[in-house]
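Okay, so here's just one chain, in structure tokens, the form predicted alone.
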Amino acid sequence: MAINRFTTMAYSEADEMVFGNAKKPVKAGLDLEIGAGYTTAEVNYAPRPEAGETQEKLVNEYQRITKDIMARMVQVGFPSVVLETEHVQQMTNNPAWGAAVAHAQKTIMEEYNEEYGIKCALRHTPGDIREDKEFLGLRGDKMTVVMESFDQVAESGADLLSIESMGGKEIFDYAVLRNDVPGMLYAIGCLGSMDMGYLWQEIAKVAQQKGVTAAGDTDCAQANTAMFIAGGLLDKNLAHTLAIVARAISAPRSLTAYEAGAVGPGKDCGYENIIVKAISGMPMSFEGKTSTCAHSDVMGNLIMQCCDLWSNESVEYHAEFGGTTVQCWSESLNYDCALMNTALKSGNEKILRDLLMASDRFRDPQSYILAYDNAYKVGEAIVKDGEDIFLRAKNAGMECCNILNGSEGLDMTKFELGALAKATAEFEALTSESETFMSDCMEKYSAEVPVFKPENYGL
């Protein structure tokens, strides 16, 4: 598989983008189309810890989860659903376990599709286990196990293949603690993109061989880490302006999966997916207000603005008053989708999109940048130098700072404005020579970060 870089935008203007519609819809699973004129809920769940003791217990747990979701969908009259199984480590480390779970789940889904006509697809997300206690081992024996896991779940019933990859994290963890913007740029934009290109060419090969869909990745390991460290409006562990700079830089990194053969839907926890959709035209999954079972964010309505799949992030399987957790959350997700689908059918989708966006737009620098009109501008900055992984990541971060510096209606504290001024100055001081930046960073971080192994990135 070759890597084909994006150098143009899929949409001619931001206003073209809307939920439930993508320029390049994806057919997957059992009669399902994603981004083809309707939205679908994507339900994400985790087994109870004790279920991981044996393969048999784990398979039984996932069978219960799958039956609970499918039954609730039919009971309440919802037409489509996606199930996402994010692997617990036992399932990726033992590929046969993941395969057994995928087979058990798909068997149940096929029964419901046949009997009730419900459109559905199964996403499996093996864990990125490519690390030892101290070091990332992105290209060693663990890579072989990850690919074996993909091969077996694709063979056994998974329709969509995803991962939350770790490339660049060893430098990012060092840089984010020091508010080191060039370090974050190197970690996410350069090293992250290099690993993504390597990894996703392999995943795309498996998908092609097995006749399934290479879906997409997310910068959970870095941009989401920054978002969680930044926290809420009372927290000052990390400036929210820096968290959104990290998110902007993560968009070209996540885009690399699609340049290497993935076709969407992008994975739910990639808040950068709005930028990726603007560039690629591919369908994307998002999470927001319905992921409060897993985490808090400052843009729970806004992030629904252009979703094709709408997710709850993850919830542990157990009982609630309204049924099991997966029944409760899948129902909530689907009512959101029913509202969006009614807006689409009645021609009111742009009104609903704009209401969702406007309700959070001024809540935080992060929501301000990820509002679809500003996200589109970040996308334009990325494709301007689309062939160069350093320049496009630098452009994304710089454009993010420019938009915030010229923002109207967004209130920022002295703490946030100070962090923004520092980040802006650091971007302005950066070289525009890719080779200079890469060699300077290699020298600096090889000396300062003992766990950094350049061979992970083919360097």
Partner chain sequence: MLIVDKEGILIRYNVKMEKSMTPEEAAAELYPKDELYKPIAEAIFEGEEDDVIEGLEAAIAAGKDPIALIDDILMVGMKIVTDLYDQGVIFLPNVMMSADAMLEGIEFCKSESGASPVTKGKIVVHVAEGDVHDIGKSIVAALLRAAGYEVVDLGRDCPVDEVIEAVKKEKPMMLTGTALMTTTMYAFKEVNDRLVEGGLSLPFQCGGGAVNQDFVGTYSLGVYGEEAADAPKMADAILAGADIAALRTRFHTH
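Residue numbers count along the first chain shown, from 1. The structure displayed is predicted, hence computed values, not measured ones.
Separately, the form predicted in complex with its partner chain exists; it is not shown, and the next lines address it.
Interface residue remark: residue 411 is counted as part of the site for its partner chain in the predicted bound form, having a heavy atom within 4.5 Å. Of the heavy atoms in residue 379, none are within 4.5 Å of its partner chain in the predicted bound form. The closest heavy atom approach of residue 237 to its partner chain in the predicted bound form falls within 4.5 Å. Among residues of the shown chain, residue 155 is not one whose heavy atoms approach its partner chain to within 4.5 Å in the predicted bound form.
Interface residue among 204, 357, 99, 263, judged by heavy atoms within 4.5 Å of its partner chain in the predicted bound form: 357. For the options 384, 103, 345, 210, the one in contact with its partner chain in the predicted bound form, meaning a heavy atom within 4.5 Å, is 345. Only one segment in the set 384-392, 145-153, 182-190, 361-369 has residues whose heavy atoms sit within 4.5 Å of its partner chain in the predicted bound form; it is 361-369. In the predicted bound form, its partner chain lies within 4.5 angstroms of at least one heavy atom of each of the following residues of 88-121: 115, 116, 117, 118, in sequence order.
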